[in-house]
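Before any questions on how it binds or moves, here is one chain, the form predicted on its own, in structure tokens.
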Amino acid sequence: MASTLPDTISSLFGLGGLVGDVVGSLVGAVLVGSLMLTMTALAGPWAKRKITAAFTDRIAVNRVGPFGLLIIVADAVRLLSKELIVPEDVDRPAWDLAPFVLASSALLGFAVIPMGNGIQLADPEVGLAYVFAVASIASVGLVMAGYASNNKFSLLGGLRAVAQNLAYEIPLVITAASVVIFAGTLQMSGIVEAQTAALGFGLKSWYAFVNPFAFLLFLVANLAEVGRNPFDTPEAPTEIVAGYQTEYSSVYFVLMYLGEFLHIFLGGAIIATVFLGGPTSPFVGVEILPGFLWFVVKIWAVFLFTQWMRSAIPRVRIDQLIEIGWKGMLVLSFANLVLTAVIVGVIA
């Protein structure tokens, strides 16, 4: 098994044993967490506005610093300096914990994502199952926020979030299972390794090339999981104010906002790892960029796709969303799984 980031850090400090494992894990977690939070801070206040403006032929932030980049600092100061308003009769423990659950569940998922040569916190044999398990904890946070806010619109948003995640998480996992059949492992590094073989025309056997139908299914299901158009019904501003996050302000709103974008990047990281070869080039024998930069490019490409959907596709009704999930995505994902199993069985 390749050396992980904590192993590298502990060897740099000259530490070994339990102390080395603890120090390496803590420092590695801080580095990976800081990287993801930095990318999220860049994506939320700035990139989201710039991309949406480009798609809708408008002018985004361009006055606060070069290219409007200092809007990140301005937004942080503005939001963190606001009063934290607590509505009457909220279920305080659940209301307080919900933003932390939403943000931390995404950060936990990055622990098993291979981001480059040796840039991986852990590489368990059940890595893919782990990342789906911890990412699904976000649903608990959304329900907590909706229920605890003592607001009918928040409650509706929480209920919608549960219905949506149930309808689309199953197709998401089943589609990923078709990749596991190809790779023969749940280990994230093993899935990446399986995509390094030559496919033809100088390309590697990325599963996006090998099974493009599964790739498209996963992209659509991921849009629903991260709440992007046309599946942003849990917060639907034109219908339920802001859904589960209606009653949140100040630092709690910042955590909810960061959690949303962290899950978008986690979805991009899963797609990059499972279908796009992880931190590798698409060309056999040609590595134009370092592995880590390939990984960053891929997850930002998925982020760009989600923003394109947000700008181009209108929101569907909640009943349409559920019907698409249970009657469309679920059936197609099972069909893809069975077909993949038959093909692999015949070839093997």
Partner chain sequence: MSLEDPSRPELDIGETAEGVDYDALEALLGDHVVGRERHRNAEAFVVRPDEVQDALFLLRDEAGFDHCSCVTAQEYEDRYESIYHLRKYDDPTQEVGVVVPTATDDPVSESAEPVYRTADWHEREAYDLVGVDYDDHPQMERILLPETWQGHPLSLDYDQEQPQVVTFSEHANPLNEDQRAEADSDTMFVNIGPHHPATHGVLHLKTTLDGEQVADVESDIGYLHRCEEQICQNGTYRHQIMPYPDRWDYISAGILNEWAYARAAEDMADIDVPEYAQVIRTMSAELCRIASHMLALGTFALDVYGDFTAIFMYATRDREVVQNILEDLTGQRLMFNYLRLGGVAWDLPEPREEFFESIHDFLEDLPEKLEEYHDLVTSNEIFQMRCVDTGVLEPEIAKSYGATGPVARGSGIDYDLRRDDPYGYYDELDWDVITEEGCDNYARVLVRLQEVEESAKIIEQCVDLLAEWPEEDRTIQSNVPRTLKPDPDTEIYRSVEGAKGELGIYMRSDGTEKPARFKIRSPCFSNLQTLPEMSQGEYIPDLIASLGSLDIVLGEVDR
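Take the two forms, find the largest set of C-alpha atoms that superpose within 1.5 Å, and that set is the rigid core. All of these numbers come straight from a predicted model, not from anything done at the bench. Numbering follows the first chain given and starts at 1.
What comes next is about the form predicted in complex with the partner chain, which is not displayed.
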Original post:
If we take heavy atoms and a 4.5 Å cut-off, which stretch out of 92 to 100, 126 to 134, 223 to 231, 179 to 187 is in contact with the partner chain in the predicted bound form?
Top reply: 223 to 231
Original post:
Do K298 and the partner chain come within 4.5 Å of each other in the predicted bound form, heavy atoms counted?
Top reply: no
Original post:
Can you check whether R160 is within 4.5 Å of the partner chain in the predicted bound form, heavy atom basis?
Top reply: yes
Original post:
Would L330 sit within 4.5 Å of the partner chain in the predicted bound form, counting heavy atoms only?
Top reply: no
Original post:
Would Y147 count as touching the partner chain in the predicted bound form under a 4.5 Å heavy atom rule?
Top reply: no
**OP:** Can you tell me which bits of 298 to 324 touch the partner chain in the predicted bound form, meaning any heavy atom within 4.5 Å?
**Re:** R310, S311, A312, I313, P314, R315, V316, R317, I318, D319, Q320, I324
Original post:
Taking the rigid core as the frame, does P45 move its C-alpha by 2 Å or more between this form and the one not shown?
Top reply: yes
